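First, one chain by itself in structure tokens, the form predicted on its own.
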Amino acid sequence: MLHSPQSDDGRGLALQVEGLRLSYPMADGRELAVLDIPAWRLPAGAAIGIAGASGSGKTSLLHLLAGIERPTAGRVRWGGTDITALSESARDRWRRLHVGLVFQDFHLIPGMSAEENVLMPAWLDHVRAPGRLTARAAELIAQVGLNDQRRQPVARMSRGQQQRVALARALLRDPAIILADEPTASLDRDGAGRVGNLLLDLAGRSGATLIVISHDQDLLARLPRQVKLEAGRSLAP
């Protein structure tokens, strides 16, 4: 069972995992075990990095923690909510309200501007983004250094700039949880360093619970705690 340091402000949500298993049926009738984590706990506001070889189950774990996928068995509790007990639509709504996701593939809309992409989560629940979220988007765009490019289509941006747009979008709702999957992948060393700085700085300001999955040893070394996922079987220091 793992524990990580408490944040000072406690604005994030605490995580409790119990008997978490994920497996898929195979053609020969056997099951392919992907994850088997008996217990894992993080306090609200913790910041942790997860490493592991390709195929060790890192992205599957992130999907379970985000409620994108349901486990074969076990519980994932964030704060007082057991997300594994929620319906798919309820999990979707919970995720929109509480989770900022940073994907390795940014999932931006090429023909839309940086500002429009950042505001996209607001448009899932509103015909027009509320004024407070429009102001929040402008603040985040400035913080990630893209104020002059805010109306530029993301298709005309560099990969590093697109990653900054994706970071701003993930933080639009000031989420209690930030889950980042290889946020510096495919970037050069300087670009990875800048994106890592932004992720840690913005997460630190909000007090969110931060879980980063990465092969980037420089980024992982900057997090208060690092663990290794080994063949999906355990989380070992």
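These numbers were taken from a predicted model, which means no experiment stands behind them. For every residue, the number given is its place in the sequence shown, counted from 1.
The protein also exists as the form predicted in complex with a small molecule; that form is not presented, and the subsequent description refers to it.
- Contact with the small molecule in the model of the complex, defined as a heavy atom within 4.5 Å, holds for exactly one of L187, A47, L65, V34, namely V34.
- The partner is absent here, but in the model of the complex a heavy atom of H215, alone among R11, H215, K228, R21, sits within 4.5 Å of the small molecule.
- Contact check for G29: every heavy atom lies farther than 4.5 Å from the small molecule in the model of the complex.
- Interface residue remark: T59 is counted as part of the site for the small molecule in the model of the complex, having a heavy atom within 4.5 Å.
- Although the partner is absent here, L200 sits far enough away that none of its heavy atoms falls within 4.5 Å of the small molecule in the model of the complex.
- When the small molecule is considered in the model of the complex, A39 lies well away from it, no heavy atom lying within 4.5 Å.
- Annotated contact segment (heavy atom within 4.5 Å of the small molecule in the model of the complex): 49-57, selected among 49-57, 165-173, 201-209, 187-195.
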